[in-house]
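Next up: just one chain, as structure tokens, the form predicted alone.
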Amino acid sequence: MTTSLLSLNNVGKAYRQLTALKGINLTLQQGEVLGLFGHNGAGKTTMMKLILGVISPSQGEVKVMGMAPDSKAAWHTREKIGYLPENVSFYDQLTGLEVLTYFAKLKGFSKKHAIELLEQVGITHAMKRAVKTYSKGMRQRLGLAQAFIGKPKLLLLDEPTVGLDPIATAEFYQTVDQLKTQGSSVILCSHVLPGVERHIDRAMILSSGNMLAMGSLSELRSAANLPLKIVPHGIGNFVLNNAQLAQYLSDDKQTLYVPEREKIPVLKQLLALDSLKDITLETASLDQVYQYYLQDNASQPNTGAHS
């Protein structure tokens, strides 16, 4: 049976005239990865700070591992939480190893553990150099190593792939997948949507402090009724001469944009053709899903949280 590691019940946060978050509900299970998406000012970082207990909610209840994270009683759960802020900053005069050993010891772990993490993120070659000599990508890797201390049960990552090259980004996602299999839960905030979708179980889309949508990508695609892109090869004018399929044809007369609910009947028709040589299928990407919900929200009046 899965265990709920984190819950937000009707959580809101207001700063004087500004409502940063409004009526957020969320339950995160052990071993689940949640993608948290939204433009700057959507409320993503506020939500992370509430989960960390750095700030307290104006309304509602936050529970992490069964406790309110801003309570004194929650101190022992903090060593089980890893956090990577959007802008990482370290003591520039210290070496990478000194920085990580310091953070590891704060959480009750050894220098040996710090060295293992530096190896995991690929910066052992620079561990005895001062952090001020590190590139942005190397600082980000050091930040990831700091977030991974102690194989945390809950990992909060705010724009974790900023400054990472494609190889380092792929390695980072491998680590996230590994932590997930070990039972860690992850909340991943990102503006860089391509590449994220294969590594998350659910997505939450925020705008102006409101939750616009939450669910698995297939659930969000289905709710948005975003079409499936189908390109059949080798069937000549069959689609053009078939009234039922022709309605889905795009201007190029080769590509079909088929509603999710019609996917199986259309595929059955195409696959039954002897002349079919190949077929290309493309579901709506995370980016397209995200844009759909933002546009849908923009078209509805009075949805902003800044009231």
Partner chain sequence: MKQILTVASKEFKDGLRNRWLVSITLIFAILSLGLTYFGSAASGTIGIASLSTTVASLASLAVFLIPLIALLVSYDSFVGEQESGTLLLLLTYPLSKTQLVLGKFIGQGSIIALATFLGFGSSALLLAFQPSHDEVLATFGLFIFSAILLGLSFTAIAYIISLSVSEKSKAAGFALITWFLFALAFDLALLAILVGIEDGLSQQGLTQIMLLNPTDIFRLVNLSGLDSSGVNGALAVAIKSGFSTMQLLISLITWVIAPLIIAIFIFKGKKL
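All values derive from a computational prediction rather than experimental measurement. Residue numbers count along the first chain shown, from 1.
Separately, the form predicted in complex with its partner chain exists; it is not shown, and the next lines address it.
Here the chain stands alone, but in the model of the complex its contact with its partner chain, taken as any heavy atom within 4.5 Å, falls in 85-93 among 165-173, 85-93, 214-222, 200-208.
For the options H191, K151, K229, K107, the one in contact with its partner chain in the model of the complex, meaning a heavy atom within 4.5 Å, is K107. Although the partner is absent here, K44 sits far enough away that none of its heavy atoms falls within 4.5 Å of its partner chain in the model of the complex. None of the heavy atoms of L267 is located within 4.5 Å of its partner chain in the model of the complex. When its partner chain is considered in the model of the complex, Y134 lies well away from it, no heavy atom lying within 4.5 Å. Its partner chain in the model of the complex comes within 4.5 Å of a heavy atom belonging to V54. Residues Y15, K49 and F103 are all found to lie within 4.5 Å of its partner chain in the model of the complex, as judged by heavy atom distances. Shown without its partner, the chain has W75, R78, E79 in segment 65-82 as residues with a non-hydrogen atom within 4.5 angstroms of its partner chain in the model of the complex.
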